[in-house]
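Coming up are structure 1 and structure 2: the same protein chain in two forms, each one given alone as structure tokens.
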Structure 1
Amino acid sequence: MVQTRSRRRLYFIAFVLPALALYGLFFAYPFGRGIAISFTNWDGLTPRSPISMEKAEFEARILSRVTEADRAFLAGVYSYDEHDGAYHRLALRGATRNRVEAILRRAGYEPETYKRIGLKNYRDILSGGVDARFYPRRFTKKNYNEDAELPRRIDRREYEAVFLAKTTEEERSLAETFYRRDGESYALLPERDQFELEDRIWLLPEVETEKTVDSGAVDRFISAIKGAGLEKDHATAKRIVSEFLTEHRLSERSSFEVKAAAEGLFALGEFKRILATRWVESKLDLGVIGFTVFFALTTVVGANLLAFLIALALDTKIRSRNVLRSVFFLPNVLSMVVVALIWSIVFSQLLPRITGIEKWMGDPNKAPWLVSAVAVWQMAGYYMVIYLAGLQNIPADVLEAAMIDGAGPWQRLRNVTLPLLVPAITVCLFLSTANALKCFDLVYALSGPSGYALGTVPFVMDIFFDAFAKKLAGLATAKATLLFLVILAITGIQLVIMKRKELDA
């Protein structure tokens, strides 16, 4: 049927033109505004046109630099208040706001927190000029602080591999007087407990009952001895003990206790310094970029592989397969916040009771893997449906012909099923990649603001913190623009490659 030109124009006006208008209104215009904001240092709060300004400043910076027509227009927007000597702006909407901003732009007025800074945001992001936590980096993790008490127990592997392996023979000998192996951990010896050593002085008759020794003097003595131990200054420690015994009249037994306790406290301080300097390890912080890449790779591979395996199993004549399809799809129906709440309970209450390991989401070594595992669990059901639809669209006679030709299960999967499943794989890879790179709600609900410490902050979550916590809306918008371009490039390349495979198949 040949359509007339007038009918085609009518269709364009009735269907295409409204769609283009909506596209421009809800995508092109906001996207363009976002690009413009990314070239500024906007804090997310300061308006482009001032709400109020002192009379002298307003007249010097704005009114004296605009035309008569623009000055007359501004007179209808800004009113002068004689009581506070300032101009105040009315509420602005639509075209009025745009014209006011255009007038101010011609006058050269820019608020301090809404200035055009060109490509500075982009240069900072690409050259390492933003928060160091944004990039992958190596750092030294200090497992113990010398101001803290000695830990009661230390994991055997960590104590031997991270601490003992770095000590000298002398330091190792001292360590043996503090910790003894007890099963899969090293336990602090009771006689080396800090409170036990200090109590040997605090419980002296002259201190506790007779009150001939001031408690302040005891406190200063204990602190001085521990400080000398930290510095490994034997001469100072001997002088402190001698001065304390000379200054206070103590019995022979009490003097012996003071000397013994001082030796223990000195050794304690010395060992604390050794533990603080040797019990360190080099760690890799994935940063925002590293975690985003890690999360995308693990979730895309994990979710697609799991979904494909489930689809293969459910494509057979297994009993109750329809019920199982609903069960596997159910996690995708749940809200991300509900999913995060369920798994938070599992990580904080169930797993510690089952395994005896207390820290799960609170452990930076486990948290990235746990977040990815939850995302795979939540997404796999959706992709399973797509793979299952693709499997059921494969003609049965093709598989039967392959079986007649003697092809085994693995050969049929590799040479028949997978090539014919390429369209479904294309869709699943596209969706899973885009969703992984844009993920926010699940990760935020699982880790929240502590994500930086746990190493579980994806790109979108970092943008959120920049915009709303750090008040760096211009920088956040620049990051969002770069993320958009990255997603566009990755998914575009992915689609081109997979479409070629579809044609080859």
Structure 2
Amino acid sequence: MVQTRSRRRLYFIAFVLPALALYGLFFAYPFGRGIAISFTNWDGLTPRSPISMEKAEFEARILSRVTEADRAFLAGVYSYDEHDGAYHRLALRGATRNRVEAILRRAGYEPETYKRIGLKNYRDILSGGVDARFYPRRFTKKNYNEDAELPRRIDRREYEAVFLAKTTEEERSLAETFYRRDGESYALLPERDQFELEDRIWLLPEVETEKTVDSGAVDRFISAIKGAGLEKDHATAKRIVSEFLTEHRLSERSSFEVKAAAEGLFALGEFKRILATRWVESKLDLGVIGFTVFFALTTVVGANLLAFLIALALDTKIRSRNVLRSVFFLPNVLSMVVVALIWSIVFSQLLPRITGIEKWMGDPNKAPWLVSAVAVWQMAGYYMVIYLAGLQNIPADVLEAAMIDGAGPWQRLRNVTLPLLVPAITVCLFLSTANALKCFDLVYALSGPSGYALGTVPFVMDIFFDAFAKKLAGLATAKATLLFLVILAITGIQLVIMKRKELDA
């Protein structure tokens, strides 16, 4: 349809201009400001113009360095209070705020925690200068701390596969004098129980009833013996015992008890050290970057595959297909927080009862997979709708023609359906990749409070934590800018590749 010039202008003014204005106001401007903040060391709290400042400092750092007109303007904003000898201002908004900040910038005033620091934030992120947990790394998981009591029970598989497998012959025979197999776990032998050994001293009449030995002395004695035990230092242990016995007058029976208990406690040390050094695992901590990539890969592949398969199934003429479509789409209607709540209950109450495995979300080995699985479950319904629409757009006659030509179901899928479905695949891949990379709510609601301990912190959550808990607003904004660039690049490349496929088809 040919339109007159004036009409086109009218459309431009009535629709495009307001949209552009809103775009500028609500996207471009904050975005620009964000990028500006990413070049500073802002802590998220310091105002760029001081709320109050001592008179002398205010005059030297600000008033003496601005023009006459600016000074007059500042006088309208800052008022001098002679009670405390300082200049104060009230809250600033909009244009006034911008003008005050511009004046201060020209005067060369910068707060200590709102300084321009150039590309430092970006350099830190890219060169490994921020927290170690941001990057993937190997770490050693220690399952036992030698200063603690020996655990009374250790899971059988854990004990055999992680601990015993790393021990020498000699250590293993020592281990046999400490732990015995008892069903699905290994139990500490009663005579090796530290609590009981210590109680032989604590319950001596001299300590418990007569109180001739004070609790501080017992405390020091026990911890000294334990220390000597860890060092396998027989001589020191002997000395400690004989000193204790000469210092405190104990009955013969009590002296015997002390010696026996000390011997028992001493003997724990050697094995404690073995358990502490051998019961370790080398593990991979995905870190924030690693988990984000893992989450993106698993959910994009998982959700698209699942969505495609469901769409294929529901594109047939099975009877309940309309109901099923709604059923599969339903998870997408729920709020992420509700989804997280439902699955938390499943993981903490239902699954342990069904499988007998106690820990699900609390286990760092399972947590990343569970988070991804829930995300796939939640997202698949939405992409299913897109695939379904794509499938229904494929003309039936093309498929029929292929059938008449003798193409089997697999050939039809491979050579007819898939090529014609490329536009839907493009859209789904694009949306799922972008969504996965900037995912926040679901992971936050599912495992947010223990994210760093489980290794399930996506990029955006890390940004949030940096900005508000660690008060590193500048660094957080730099991370956000980088994430934006990464999403832009990945989805851009994806679109280019897929568009090419579309043309081929």
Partner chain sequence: MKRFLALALAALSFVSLASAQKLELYYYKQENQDGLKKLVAEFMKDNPGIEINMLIIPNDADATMSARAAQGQLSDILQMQSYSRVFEYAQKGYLVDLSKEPVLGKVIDSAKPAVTWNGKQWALPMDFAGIGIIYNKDIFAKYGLKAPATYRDLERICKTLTDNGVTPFAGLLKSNWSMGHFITLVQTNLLAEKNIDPAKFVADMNAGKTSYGVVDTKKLFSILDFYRANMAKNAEEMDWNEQQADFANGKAAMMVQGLWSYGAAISTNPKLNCGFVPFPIYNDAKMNKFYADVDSCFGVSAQSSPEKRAAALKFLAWLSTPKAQKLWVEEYKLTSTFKGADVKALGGPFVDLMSTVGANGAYPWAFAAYPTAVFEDACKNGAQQYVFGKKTAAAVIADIDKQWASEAAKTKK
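So that the term is clear: the rigid core is the largest set of C-alpha atoms that superpose within 1.5 Å between two forms. Predicted model, so just to flag it, every value in this text is computed and none were measured. Every residue number counts along structure 1's sequence, beginning with 1.
The form predicted together with its partner chain appears here as structure 2.
Comparing the forms between structure 1 and structure 2, the C-alpha position of Ser251 differs by 2 angstroms or more, with the core used for superposition. Ile240 shows a C-alpha shift of 2 Å or greater between structure 1 and structure 2 [criterion: core-superposed Cα displacement of 2 Å]. Once the cores line up, the CA of Val371 ends up less than 2 angstroms apart between structure 1 and structure 2.
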